[in-house]
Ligand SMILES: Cc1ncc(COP(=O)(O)O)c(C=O)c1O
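This document starts with one chain, in the form predicted alone, laid out as structure tokens.
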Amino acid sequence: MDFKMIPVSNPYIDIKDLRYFKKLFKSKILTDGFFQKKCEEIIKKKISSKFVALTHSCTGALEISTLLINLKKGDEVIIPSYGFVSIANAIVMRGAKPIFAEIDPQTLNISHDDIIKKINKKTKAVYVIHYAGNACDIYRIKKHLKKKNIYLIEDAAHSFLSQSRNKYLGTIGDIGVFSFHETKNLVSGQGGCISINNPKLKKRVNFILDKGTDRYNFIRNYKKKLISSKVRKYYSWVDYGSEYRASELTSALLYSQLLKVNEIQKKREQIWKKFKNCILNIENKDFYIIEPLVNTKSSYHLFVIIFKDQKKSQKFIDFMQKNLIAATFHYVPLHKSKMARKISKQKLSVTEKIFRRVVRLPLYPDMKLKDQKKIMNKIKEFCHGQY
């Protein structure tokens, strides 16, 4: 009998991925090399972006975004409370104030209507999260923000290759950021990526990526990394910045993932739809599934169900974990956190009522068939049992 817990996520890596590390070690170029440039080229072409740069993390990409839009003290930024802390941190580190918004209970994405209510003269930007790999109501939000001249930044950490109206998420707003963390669809350790879609914001991005210097203008050949003796100038400190670029180790792993991205996405979609069909065939009134909106395409990053009763959601989590299936909760509302209460005291009734009823189920490409069947059988058992 197998007594190993089925995890929520599992990186899709194998021994074949080592071939790119061997090439990397042979080159002895560990930063700003072949793999970083190649990944950027592939991603830029794949998502039809105007500019793409790999970063050491999605958190780093979010920090870059706040620098690019010149976020400062006195500015307000609307963000979903139901999300990871990185957006909020990037905002407060610039001295600006996060204004937390409600979510749509059907999608767990930011509420368009609540954004509209919270816009004022201090609003500099709106950050949206495309939760679980599913697009938020991005075009409706964009249309309103454009009239107000407010920046729109997409946190597409869950949503690499997701689409809305046949356009890739992360390329619809002014800036998009992606995550290639160990828990995401494509993994590179803790890597990330930034897509600049507003041409006016492209000028400074390489300065920020290169620790605030104009180094990129002088060193273009990653193999030599040498400033020509014919150049009579030196690169210098010209802007804000930090060490944001991804290393070659991170990039080499991501490169191997990008080569098999279609395989990864197809397997995730197949498992997601299998779980959905299983639930649709059960006479269930206790919970519903988070699904993609019409005219969108999901990355199938998470399989999420929402219970109508908090106690029942906890019983389901307990039941699944006792059966060695890592069902678990997700985000805790940021506006209720210790840090947020120092900034403001907001009440978000929808977010507060729903977050304890959210349950994530395991989903990853190389999930064994027996584990898929076990998860589906245990869902049926719970729904048919007296719990």
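On a predicted model such as this, the values are computed, not experimentally measured, just so you know. Position 1 is the first residue in the sequence shown; the rest follow in order.
Quick note: we don't show the form predicted in complex with the ligand, though the next part is all about it.
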| request: Consider Thr171 of the chain shown here, and say whether it contacts the ligand in the predicted bound form, taking contact as heavy atoms within 4.5 Å. | output: no
| task | Indicate whether the ligand has at least one heavy atom within 4.5 Å of a heavy atom of Tyr139 in the predicted bound form. | result | no
| query | Heavy atom to heavy atom, is Gln346 within 4.5 Å of the ligand in the predicted bound form? | reply | no
| query | Is Thr59 one of the residues lying within 4.5 Å of the ligand in the predicted bound form, judged by heavy atom distances? | reply | yes
| request: Could you work out which of Lys297, Arg204, Lys184, Arg245 is the residue within 4.5 angstroms of the ligand in the predicted bound form, going by heavy atoms? | output: Lys184
| Proximity to the ligand in the predicted bound form, single hit among Leu161, Val304, Ile264, Ile129 (heavy atom within 4.5 Å) | Ile129
| task | Can you check 246 to 254, 310 to 318, 279 to 287, 152 to 160 and let me know which stretch has heavy atoms within 4.5 Å of the ligand in the predicted bound form? | result | 152 to 160
| task | Pull the contact list for 340 to 368: residues with a heavy atom within 4.5 Å of the ligand in the predicted bound form, in sequence order. | result | none
